[in-house]
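Listed next as structure tokens is one chain, alone, in the form predicted alone.
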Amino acid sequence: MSKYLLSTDHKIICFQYMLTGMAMGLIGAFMAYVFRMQLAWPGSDVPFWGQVSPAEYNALVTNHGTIMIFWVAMPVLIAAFGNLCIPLMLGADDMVFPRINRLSFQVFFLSAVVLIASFLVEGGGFGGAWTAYPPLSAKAHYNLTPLGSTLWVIAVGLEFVAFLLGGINFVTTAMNARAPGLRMFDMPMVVWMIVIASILFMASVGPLIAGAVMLVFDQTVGTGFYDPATGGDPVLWQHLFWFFGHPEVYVVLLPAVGISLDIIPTFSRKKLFGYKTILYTAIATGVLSFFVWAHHQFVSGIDPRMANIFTVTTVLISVPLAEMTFAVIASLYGGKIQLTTPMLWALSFWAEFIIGGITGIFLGASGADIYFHDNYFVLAHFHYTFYPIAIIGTFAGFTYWFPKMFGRMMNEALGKIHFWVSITCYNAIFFPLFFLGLAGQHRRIYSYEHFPELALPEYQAIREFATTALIIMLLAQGVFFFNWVWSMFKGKPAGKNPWKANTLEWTTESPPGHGNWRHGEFPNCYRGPYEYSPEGREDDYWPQNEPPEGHEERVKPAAAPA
């Protein structure tokens, strides 16, 4: 048992992060089911829950958002795929700091326990929204969850510590543990994107940690950092939160982008278009993400002249993302496209994310945002941004690397049934919510029966339609889990390289043993990761470790003397 619980093997830690993240995802999805049922049929008993009180509704909405961002998107996309891909794609036997890697997961797991425990204390889980704006979050007589709100902050703080530890490992391993001959610009996109995301997280999280410490002090020892009555300022929290919060979008976005960019060349059998351009635009996106936070505060009373500046920076950040999108289109153009399950997820990631990006332009413009702020337009935009990242990105990566993780192929028919039902229901849930937002429907209302002017039959019909779609989508996840378990034991044996891909993880056994390559026969690298359909070769792919005839072997340069 200690082999699995206390292992320092990066692959075991990958599974630990993935399983914990998916378990938390099920909890978060169940919360969404409960509060959507309350919105669609207010006052009725919700199956498997019962009556939903206003306090429970607030706690469910708050923790659904918190869990899906911090306990699903981050652990799966960054920690799980980072642990799986970085050593294998670099030709290394493990992370540079394996014990710190294990400690990172243990702290993360503790954070999940603390968050779940917050529902079991007096007053229940925190219900002040996932943004935790003071004074609602700072004073127990406002949020009515004195222990729940403090545990929520502690859980988020522990989760941040875990990802700081993990980020150090990812960056250091990419810098120091590459195979001989593997240059920086030979690294696959997913490795680059996780490294950039880790640096972005480390650069942005500090102010929020300081703000969280002040928030705990306000909650527990009576300080007033955010209380105007004692000289504090609640808007200070908004600045600290969103200075981290908007870069956080790109922290989880970039690994999902990297996953899709590794899948698309494999199944279009074409070289990735604009490798270096994509890298530079990813870095530009990360830098620009530090200059857009205040567009979340257009209604908090900031100077309109400042609002104009943040409108420009917000729209500006769409430029590098548009460049990435055109690079994807160019990588597909003229290719021999294979619509496998991973490819469907990778393509849908860009299709759905484009909708999130276009609708974000409205929210980045201060004049429009004042109307849309906190209504269902924001909610729909947010889910068209985060669902492709957290859910579609996860399914794309999981189905692509499943053969390497478990040594067997997933069932394609079940995979495509799961894809089409999930993607159809997802759009049925969230696209109609744009219309609720255009109609001015506020997103934080527990029951629209309390506001007869908003509870019009046509709007209520949209809520019922979206909730029904959600239930079907949740049921469809049973197909995925069945496919996962069935394929692990009964799937077709995968072999080393079932996709005929180029990157180094496909040169070792499936699944890889301890140390990743047998007898220490680590690969050398001779070229970039996306050499598909090269001229003059019989095969339409050219693995990174395959030396060209007569080519001089690249060797890892010796370390400089101290």
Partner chain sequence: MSAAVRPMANLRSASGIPTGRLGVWWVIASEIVIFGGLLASYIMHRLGHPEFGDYAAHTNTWLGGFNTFVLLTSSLSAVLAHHEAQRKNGQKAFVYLWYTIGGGATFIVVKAFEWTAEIQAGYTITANAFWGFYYTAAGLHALHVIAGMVCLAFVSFDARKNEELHRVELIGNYWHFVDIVWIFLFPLLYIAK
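Positions refer to the first chain, counted from 1. Here the structure is a predicted model, which is why all the values come from computation and not from measurement.
A second form of this protein, the form predicted in complex with its partner chain, is not displayed here; the remarks below concern that form.
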Looking at its partner chain in the model of the complex, is some heavy atom of each of 8, 171 and 213 within 4.5 Å of it? yes
Counting any heavy atom within 4.5 Å as contact, can you tell me which stretch out of 88-96, 368-376, 456-464, 298-306 lines its partner chain in the model of the complex? 88-96
is_contact(residue 217, its partner chain) in the model of the complex, heavy atom dist at most 4.5 Å: yes
Could you tell me if residue 30 has a non-hydrogen atom within 4.5 Å of its partner chain in the model of the complex? no
Proximity of residue 232 to its partner chain in the model of the complex, heavy atoms at 4.5 Å: yes
Are any of the heavy atoms in residue 522 no more than 4.5 Å from a heavy atom of its partner chain in the model of the complex? yes
Work out which of 271, 178, 404, 246 lies within 4.5 Å of its partner chain in the model of the complex, going by heavy atoms. 178
Could you check which residue among 421, 202, 279, 428 gets a heavy atom within 4.5 Å of its partner chain in the model of the complex? 202
Which residues from 205-222 come close to its partner chain in the model of the complex, meaning a heavy atom within 4.5 Å? 206, 207, 209, 210, 213, 214, 217, 221, 222
